[in-house]
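Let's start with one chain on its own, the form predicted on its own, as structure tokens.
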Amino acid sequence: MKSDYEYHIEIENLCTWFGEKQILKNITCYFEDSSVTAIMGPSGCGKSTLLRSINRLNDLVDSFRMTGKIMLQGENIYAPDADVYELRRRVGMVFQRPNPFPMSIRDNITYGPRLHGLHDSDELERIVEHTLRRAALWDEVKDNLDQPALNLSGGQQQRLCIARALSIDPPILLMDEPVSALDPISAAKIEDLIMQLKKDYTIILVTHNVQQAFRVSDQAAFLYLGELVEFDKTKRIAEAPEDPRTEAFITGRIG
């Protein structure tokens, strides 16, 4: 699925608060189509708040408020008439810890399409195979689709959650530290998967792991104390960061 716009997402002067505490301060950036953008920074810098602003998950917190704009394919997702239900169909989400539903592998995948009104059994089976293949999990589970998803290993569960997010074909995929709870082998599989998926999806990845950001992303954003310190091509930031705070984070002196 391709956008008619050069960028899927543009953020303009975004400020956010939880109660009286300001988290993000005048964030302006964009996310390119069919690429991976890594949002990196130390704990508490606002990475996850920024990510969750893009599919309005922060709205679930009563004390949350924001100013500024987030434009998705030219439309302000915080406009009074914005359809949040449709937004979350277009913007998939994978969380830090695997969170498969307590149901079968098959039902995890078909849950979203059924929720959106698809009940044709042949089409649902096609989606199950297609998304599990996209998530590099099909060969491992194809003979056990009716088994509980919770029986899978941690790494398999996370790939299942990625497949579940892809089941409703969102053009954008948000990932909030998707490998931080996994062993190194499983983490490497997820990183390989991200590299494959970026051909067809706009991926925004939150990570505190600098080397992971450098391995998988095309663009990188460095957040510090709620401010967007630096945003550019990952290669440029890796080789010649402009701000001393970015260099300090990359070299491990802060974070």
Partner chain sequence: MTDSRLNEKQQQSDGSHEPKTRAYGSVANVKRIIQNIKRMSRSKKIDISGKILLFLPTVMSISIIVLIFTFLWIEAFPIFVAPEGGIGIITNPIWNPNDGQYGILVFIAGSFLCTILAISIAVPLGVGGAVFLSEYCPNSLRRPIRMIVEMMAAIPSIVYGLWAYLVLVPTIETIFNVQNGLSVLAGGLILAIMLLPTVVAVSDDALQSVPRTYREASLALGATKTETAIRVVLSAAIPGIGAAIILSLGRAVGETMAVLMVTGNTLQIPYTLFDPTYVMTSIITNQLGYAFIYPLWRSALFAVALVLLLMSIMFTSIAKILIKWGIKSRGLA
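Keep in mind that this is a model prediction, so the values were computed, not measured. Positions refer to the first chain, counted from 1.
Not pictured, yet referred to below: the form predicted together with the partner chain.
- Residues with any non-hydrogen atom within 4.5 angstroms of the partner chain in the predicted complex fall in just one of 125-133, 143-151, 177-185, 67-75: 143-151.
- Residue contact check for residue 103: one or more of its heavy atoms lie within 4.5 Å of the partner chain in the predicted complex.
- The closest heavy atom approach of residue 160 to the partner chain in the predicted complex falls outside 4.5 Å.
- Contact annotation: residue 35 falls outside 4.5 Å of the partner chain in the predicted complex, judged by heavy atom distances.
- Though the partner is left out of this view, residue 82 does not reach within 4.5 Å of the partner chain in the predicted complex, counting heavy atoms only.
- Scanning 198, 215, 189, 52 against the partner chain in the predicted complex with a 4.5 Å heavy atom cut-off leaves one residue, 52.
- For the partner-free chain shown, 85, 88, 89, 91, 93, 95 of 77-97 come within 4.5 angstroms of the partner chain in the predicted complex, judged by any non-hydrogen atom.
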